[in-house]
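So this first bit is one chain, no partners, the form predicted on its own, shown in structure tokens.
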């Protein structure tokens, strides 16, 4: 007979040692290299405290913008409102502060004593600025929603098995793509200096949006039966987006092309969705996705409008598109995407051919909207588009 388990006899589980010794050693070495700089600051502070004296240098407003107060507008106190105050809305063309000091603060006297953040590599304003970014940031805050309680999950009705599997497969695809749509802005968020705080703030909302989209589609799939098949075609497209060597190229691949096509899917939600719950999910995700696409289009428009050699800039866009269109075509011709959508459009597996005809019409709409976004950004892609304007297997003519 086994003896009863007693708390005092329990042994802790073996814990793996997760620290990478080489990484820790490198980290410690970097601080030793900077020792004199920060140790001098520490020494001065400690010595002053020991003397019982005060610095009070922070009361001196010379070189600052003290005195004029920001006033709220009808919407509250926005970035636009505070940027109207002298000294705070001056967004530099090229950032040269590579630390955490806020734009508009009194920071110049301390420049030589501050650390340098080498990860801040997006230094040109026109690599990421969009004229609508502040408005989009305010909208994103106002329109946040909760995937746990704002979706009427208790109203989710059972579907026939073929329609439920098609819905869950589509949700699996969307779960697969949405986190990469968050990984990309995360990759560039920490590489962007503090002087471009408006863009950093918007990118943070995009991260939250994409986390919520992943959450809601994962929940929908599992609530309806389960996640189904991941797909190699999606994965190659997502890797191409994440590996983009510049923020501008990645913005084209993600916001204008990839998220633009996903936005077109959401706009078709009334035709695709078979329950009111699914329609509500598409409606809420659509409003978020529209912000991301709008930012991308105007960022690229600003990039071209400020490019010192516009024709060269346009050719860069075409090079982005030459890559992006092919990887997106790889994803959007995957059986794991088009077949479930066709089943949903047709109303069942036995009507998949009819649904494919409907998908052919949607395909033309998707590509036309993509080409319109390119034109809005400032370059005409229509003559050079490598995505077929009609469904590649030619179901509908």
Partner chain sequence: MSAAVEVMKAATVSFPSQAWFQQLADQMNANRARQEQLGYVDCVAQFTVLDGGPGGAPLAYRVTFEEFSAIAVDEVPTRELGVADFALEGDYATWKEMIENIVDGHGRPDLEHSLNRLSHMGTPMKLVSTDPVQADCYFRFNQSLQEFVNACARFTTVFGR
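Keep in mind that what you see is a predicted model, and the values were worked out from it rather than measured. Numbering follows the first chain given and starts at 1.
There is another form of this protein, the form predicted together with its partner chain, and it is not shown here; the text below is about that form.
Contact check for 287, 362 and 365: all three have a heavy atom within 4.5 Å of its partner chain in the model of the complex.
Interface membership of residue 358, defined by any non-hydrogen atom within 4.5 Å of its partner chain in the model of the complex, is confirmed.
At the 4.5 Å threshold, heavy atoms of residue 239 stay clear of its partner chain in the model of the complex, well away from it. Shown alone here, residue 220 lies farther than 4.5 Å from its partner chain in the model of the complex, counting heavy atoms only. Although the partner is absent from this view, residue 181 stays clear of its partner chain in the model of the complex, with no non-hydrogen atom inside 4.5 angstroms.
Contact with its partner chain, judged by heavy atoms within 4.5 Å in the model of the complex, is confined among 193-201, 169-177, 314-322, 74-82 to 74-82. Residue-level contacts in the model of the complex: of 94, 107, 229, 279, one residue has a heavy atom within 4.5 Å of its partner chain, and it is 279.
With the partner omitted from this view, the residue of 302, 123, 205, 294 that lies near its partner chain in the model of the complex is 294 [heavy atom within 4.5 Å]. Interface residues of 258-280, taken as those with a heavy atom within 4.5 Å of its partner chain in the model of the complex (partner not displayed): 263, 264, 267, 268, 270, 271, 273, 274, 275, 276, 279, 280, in sequence order.
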